[in-house]
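First, one chain by itself: the form predicted alone, in structure tokens.
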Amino acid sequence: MSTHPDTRQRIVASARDLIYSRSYADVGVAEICARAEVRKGSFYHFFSSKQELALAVIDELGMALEDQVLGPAFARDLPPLQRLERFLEALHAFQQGTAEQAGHMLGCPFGNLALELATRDEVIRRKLETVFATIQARFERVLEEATANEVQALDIPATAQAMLAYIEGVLLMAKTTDDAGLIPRLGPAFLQIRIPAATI
């Protein structure tokens, strides 16, 4: 049994790749161990269950999202609205890259897991909810900057949530049609989403 930290990372990376390319239910512990080239004893040294591994996979995917999409897209070297445009470009590049590696569109890894597990596993549902809240918060900060001097009031949290919902829908459709090009084609509508603040 290997207890080296690198062993844990191999397990997480193997589970990430298998679950993202297929599904949580379709991938078992034995297959993950075979892919990572570790024994089951090593798996259970680091993870008490497949659910606990899934939480680590979500963390791993979250770091990839930050490194490859959110961080570069929302760097403050551009005006706020141009950062949203760059977000679409980074998202398209990420999805196109994964599609080329896998041979087909994989969609949003968090959306995939939410569709599969949100009604079956409350722990994983809450973890995914946190990921989506993190993405929404990035949209909110950009919108706050972009609308700071506007006269028309904007419901920033609702607009950010609507933008997130729209993007998740686009990714679902892109996966269904196996076409990453749907992201730049439908991107202009993302940039036009605006929900006015309620007036009393």
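Note that residue numbering follows the sequence shown and begins at 1. What you are looking at is a predicted structure, and each value in this text was computed from that prediction instead of being measured.
The protein also exists as the form predicted together with a further copy of the same chain; that form is not presented, and the subsequent description refers to it.
Contact with a further copy of the same chain in the model of the complex, defined as a heavy atom within 4.5 Å, is made by all three of R22, A162 and A189. Comment: a further copy of the same chain is not present in this chain, but in the model of the complex one of L115, L78, A99, A93 has a heavy atom within 4.5 Å of it, namely L115. This chain is displayed alone, yet in the model of the complex one of A64, L55, V29, A158 has a heavy atom within 4.5 Å of a further copy of the same chain; that residue is A158. Remark: Q82 does not count among the residues lining a further copy of the same chain in the model of the complex, judged by a heavy atom distance of 4.5 Å or less. Although the partner is absent here, F46 is not a contact residue: none of its heavy atoms lies within 4.5 angstroms of a further copy of the same chain in the model of the complex. Residue contact with a further copy of the same chain in the model of the complex: V170 places a heavy atom within 4.5 Å of it. Although the partner is absent from this view, H104 contacts a further copy of the same chain in the model of the complex, with a non-hydrogen atom inside 4.5 angstroms. Contact annotation for 169-197: residues with any non-hydrogen atom within 4.5 angstroms of a further copy of the same chain in the model of the complex are G169, V170, L172, M173, K175, T176, T177, D178, L182, R185, L186, A189, Q192, I193, R194, I195, listed in sequence order.
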